[in-house]
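One chain comes next, on its own, written out as structure tokens in the form predicted alone.
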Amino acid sequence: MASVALSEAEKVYIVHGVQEDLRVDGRGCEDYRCVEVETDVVSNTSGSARVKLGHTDILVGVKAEMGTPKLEKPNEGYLEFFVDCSANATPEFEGRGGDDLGTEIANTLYRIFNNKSSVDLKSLCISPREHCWVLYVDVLLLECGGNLFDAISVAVKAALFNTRIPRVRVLEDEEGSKDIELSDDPYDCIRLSVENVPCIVTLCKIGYRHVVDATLQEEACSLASLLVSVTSKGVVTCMRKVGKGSLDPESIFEMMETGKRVGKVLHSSLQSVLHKEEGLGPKRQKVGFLG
């Protein structure tokens, strides 16, 4: 993960500020930086989104392809995640430097989507045991400015909201053989419900307090963080501790409560922005991921 070198004096300044609920950039401990969300930015995908959170820049593309259902879930489709850590984000990702981080992020995404309530996977089934839609979710890290997991989870939810899957019909002839017919109408498609798709809220323990949406400088002052996956109703679906430090049970409980509170606000703001952007239709000005 991208890191930054700080002197002891700078660390003391940041830690003491957090204790007073005053961070270096003027935010309180539970405040996010300005989040920019734009959907439908990549033309050759089924759905896409770009999210900028401070100096963190994420691009997500979703591609729907036909596949065969898994043996243990014959009447469901499934999602596949791939994370690419671009060397443009930080020199540390050059060569194979970002592979471990990419695998860690992908595994975290698999964990938070590994429950029936996140996405209705049965709606992705075309013909049980034979055909289903497979959603390939590609995440590209364009810039790292702290709080990667939160930004990626927001971008994935926005991209899934933007995803349009062609409607198909299964035709069966007299001999019993099945044929799949795709609709020619680009507007005849199915949309995924992202109501229950969780977002990640990362809480970094700094001194005796914890903060959300930490910058790279604040992450350098934190020895332990808690990733909390929260739905729009404030339900925690998954938790994970990262970092070398330890967390006492009381701190974990406080961080969970903060995560649920902050997560509900994050979901509400994101849904509002997504519906507002979609309401503009072709009138909205596209910036694109190169903007």
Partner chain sequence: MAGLELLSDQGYRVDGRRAGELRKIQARMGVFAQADGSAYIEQGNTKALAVVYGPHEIRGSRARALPDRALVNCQYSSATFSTGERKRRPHGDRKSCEMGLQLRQTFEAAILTQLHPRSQIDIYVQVLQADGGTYAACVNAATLAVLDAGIPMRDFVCACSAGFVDGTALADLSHVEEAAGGPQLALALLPASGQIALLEMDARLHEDHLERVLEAAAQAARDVHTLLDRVVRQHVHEASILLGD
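Residue numbers count along the first chain shown, from 1. Because the structure is predicted, anything quoted here is derived from the model rather than measured.
Not pictured, yet referred to below: the form predicted together with the partner chain.
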Using heavy atoms only and a 4.5 Å cut-off, determine which of 126, 194, 165, 142 is in contact with the partner chain in the model of the complex.
142
Counting any non-hydrogen atom inside 4.5 Å, which residue from 115, 183, 107, 86 sits next to the partner chain in the model of the complex?
86
Does the 4.5 Å heavy atom contact test between residue 57 and the partner chain in the model of the complex come out positive?
yes
Within a 4.5 Å heavy atom cut-off, is residue 169 in contact with the partner chain in the model of the complex?
no
Partner proximity in the model of the complex: residue 121 to the partner chain, non-hydrogen atom cutoff 4.5 Å:
no
So, residue 258 and the partner chain: in the model of the complex, are they within 4.5 Å at any heavy atom pair?
no
Name the stretch: of 35-43, 245-253, 261-269, 225-233, exactly one has residues whose heavy atoms fall within 4.5 Å of the partner chain in the model of the complex.
35-43
Contacts with the partner chain in the model of the complex, stretch 80-116 (heavy atom within 4.5 Å)
82, 84, 86, 87, 88, 89, 90, 91, 94, 95, 96
